[in-house]
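This document opens with one chain alone, in structure tokens, the form predicted on its own.
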């Protein structure tokens, strides 16, 4: 599904990483680990097609792709470590906008069902500024269920989630992989996922 060859990245005059190589097939998960500042977020943004590598190549289903390639955008669901919400909008309104930004459209009932599944049904009309960090993060989890993309790329997805939220995320990721999708996640916590491999920055 996704293959990278000899990827390298630099921040200022510092090389974050080089010679990064791996392949990810359908039904597999890859967990990226490493200390803060080693390049995990930089790598994930490259894989999502949001930034340029210093060098190296990426291939989607054996076709070379470049940053901002529509082929990546149409197949990848990227969630950064920030929730990307508008504080003055409600949970429901934020979720609707996040879905529309990907070119998808769902009914209001579908939006509400998705919020129910992440335990936000009672908060759907609450402005995002009044939600806890964990509840804000759950809006992002609801978004994952509404955007049909085969590869999920998640940057620190368990941040601010409580035990129940982490368990819910784990179930969602496992179900996605078992259904033939793939997941790449950067995290400091262990994730119980099927067909999982790890890639570690030193």
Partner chain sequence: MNTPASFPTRSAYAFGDGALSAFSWALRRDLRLAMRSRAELGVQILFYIIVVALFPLSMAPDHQLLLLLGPGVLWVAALLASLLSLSRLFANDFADGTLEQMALSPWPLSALILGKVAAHWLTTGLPVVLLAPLLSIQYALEAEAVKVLMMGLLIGTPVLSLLGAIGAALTLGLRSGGGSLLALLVLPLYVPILIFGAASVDGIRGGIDVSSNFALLGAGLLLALVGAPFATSAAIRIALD
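Positions refer to the first chain, counted from 1. All values derive from a computational prediction rather than experimental measurement.
The discussion below concerns the form predicted together with its partner chain, not included here.
Mapping the unseen interface onto this chain, residue 104 counts among the residues with a heavy atom inside 4.5 Å of its partner chain in the predicted bound form. Shown alone here, residue 68 lies within 4.5 Å of its partner chain in the predicted bound form, counting heavy atoms only.
Although the partner is absent here, residue 131 sits far enough away that none of its heavy atoms falls within 4.5 Å of its partner chain in the predicted bound form. Its partner chain in the predicted bound form is not approached by residue 194, whose heavy atoms all lie more than 4.5 angstroms from it. Using a 4.5 Å heavy atom cutoff, none of 123, 167 and 172 lies near its partner chain in the predicted bound form. Site annotation in the predicted bound form: the residue of 38, 159, 51, 55 reaching within 4.5 Å of its partner chain with a heavy atom is 51.
Contact annotation for 142-165: residues with any non-hydrogen atom within 4.5 angstroms of its partner chain in the predicted bound form are 143, 148, 149, 150, listed in sequence order.
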